[in-house]
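Heads up, the chain below is alone and in the form predicted alone; it's given as structure tokens.
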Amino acid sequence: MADVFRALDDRTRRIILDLLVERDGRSLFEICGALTTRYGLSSSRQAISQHLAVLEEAGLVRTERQGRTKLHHFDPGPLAEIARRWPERKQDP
């Protein structure tokens, strides 16, 4: 669970997850393009690849190969586990 919190403790990684929630199955090239054009983040492909590796280690991103392209998918499982551990409390009326 510590990996999840560490992964989320970075603005760029949170934006990458937002992009994957918006449209799942993006390539590294598509993610880099969206970060630059929509958010003005001009990190190198290598830096974004490292961010994706952190997200994958935390279980928040999974990948699949389609030919020569590696696609990235958002996996909400670790976040659901956190929500189950600390569920929202209902307030008394």
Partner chain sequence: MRIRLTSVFVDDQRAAHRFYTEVLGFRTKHEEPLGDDLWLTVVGADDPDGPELLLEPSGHPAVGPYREALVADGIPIAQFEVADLAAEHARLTELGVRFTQPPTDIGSAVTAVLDDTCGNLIQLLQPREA
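Numbering follows the first chain given and starts at 1. Quick caveat, the model's predicted, so the values are computed rather than measured.
This protein has a second form, the form predicted in complex with the partner chain, left out of what is shown; the following refers to that one.
In the predicted bound form, no residue of the candidate spot (Arg13, Leu60 and His73) has a heavy atom lying within 4.5 Å of the partner chain.
At the 4.5 Å threshold, heavy atoms of Glu56 stay clear of the partner chain in the predicted bound form, well away from it. In the predicted bound form, none of the heavy atoms of Tyr39 sits within 4.5 Å of a heavy atom of the partner chain. Interface membership of Arg84, defined by any non-hydrogen atom within 4.5 Å of the partner chain in the predicted bound form, is ruled out. Taking the partner from elsewhere, Gln66 is found to have a heavy atom lying within 4.5 Å of the partner chain in the predicted bound form. Contacts between stretch 1-37 and the partner chain, counted in the predicted bound form as any heavy atom lying within 4.5 Å, involve Arg23, Ser27, Leu28, Phe29, Glu30, Thr37, listed in sequence order.
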